[in-house]
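Listed next as C-alpha cells is one chain, alone, in the form predicted alone.
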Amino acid sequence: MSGYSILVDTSKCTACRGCQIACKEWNQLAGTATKNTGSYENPKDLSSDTYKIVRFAEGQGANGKAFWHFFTEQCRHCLSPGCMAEVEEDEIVVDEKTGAVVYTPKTKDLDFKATLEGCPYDIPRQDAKTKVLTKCTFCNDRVGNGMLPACVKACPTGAMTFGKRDEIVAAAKKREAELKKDFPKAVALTPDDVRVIYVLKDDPKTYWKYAAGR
C-alpha cells in the first residue's frame, strides 16, 4: 500500500514529551491549563488544543514486578476510518499522496457524538466555540513538502520513525519479533489497519485503555 506510516517504539520512549510540545508548536495550538493530579501525565486528555499527549501508566505486573509504561496518544490514521461513517461530502478526507485522514472546517456540520463513537481509539475532539472537529493531522502539510512530522523530528531517542508505509510495517513486525525474545507479550498493534503503528513490550491494557481500541 502507498503512502506513509509512523512507527512508535514505546520501548525507546522516555516520556520527555518533546513530541507533545512539537505538535503544539507546529500546529500553533493554545496552551492548556493543567493541575497536579498525582501523575506526570498532563494535560489529562486530548482536546481541540491538544492533538497529542504522552500517557503514563504505573502498576504491578502478574510477575509482581512494578512497571511504568509510556504511550504517545494520537490519531492512528486508520486505513478504513470509522470516524468517516457520518461523512456526506468532504468533511473528512483521506489524502491520496500521504494516506493521512484530514479533518476539514466542514466537520462543524457533523454529529460529533456519532463521529467520536465511530473511532475505536476515542480520538476526535470538538472546539467548543467553532464546533469544528480536531485531531492529529499527520503533519500532512509538512509531509507533503518532504519534511518529517514535527513529533518524529523532535523525538530525541529514536522512538518514532517515519517512512514509506510498506517499510514501516516491516520494521514494526521486525521490532515485535526482537522484543519478544525478552518480553513475550510484546506486540505491534494492528499494523495492517493503521498508519501510526505502536510496538509495546507488554499487554496493551497496561498502557492505556484505548491502546488497542475499544
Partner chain sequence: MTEPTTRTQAYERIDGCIGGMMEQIPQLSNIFDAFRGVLAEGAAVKAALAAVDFTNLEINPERYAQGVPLLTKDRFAVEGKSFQDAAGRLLPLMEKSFPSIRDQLRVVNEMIHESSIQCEALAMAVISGNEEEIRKTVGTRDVDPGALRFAVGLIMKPFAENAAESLPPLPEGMEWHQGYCPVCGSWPELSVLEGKEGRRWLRCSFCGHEWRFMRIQCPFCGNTDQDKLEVLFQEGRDHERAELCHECRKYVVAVDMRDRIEEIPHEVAALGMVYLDMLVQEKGYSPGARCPWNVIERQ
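Keep in mind it's a predicted model, so treat the numbers as computed, not measured. Residue numbers count along the first chain shown, from 1.
Just so it is clear, the following notes concern the form predicted in complex with its partner chain, a form of the same protein that is not shown.
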Quiz item: Might K164 be said to contact its partner chain in the model of the complex, defining contact as any heavy atom within 4.5 Å?
Solution: yes
Quiz item: Does any heavy atom of G146 come within 4.5 Å of a heavy atom of its partner chain in the model of the complex?
Solution: yes
Quiz item: in the model of the complex, does L189 have a heavy atom within 4.5 Å of its partner chain?
Solution: no
Quiz prompt | Heavy atom of K153 within 4.5 Å of its partner chain in the model of the complex | solution = yes
Exercise. Tell me the stretch among 156-164, 49-57, 170-178, 35-43 that has any heavy atom within 4.5 angstroms of its partner chain in the model of the complex.
Key: 156-164
Quiz item: So which of K106, R125, R142, K131 gets a non-hydrogen atom within 4.5 Å of its partner chain in the model of the complex?
Solution: R142
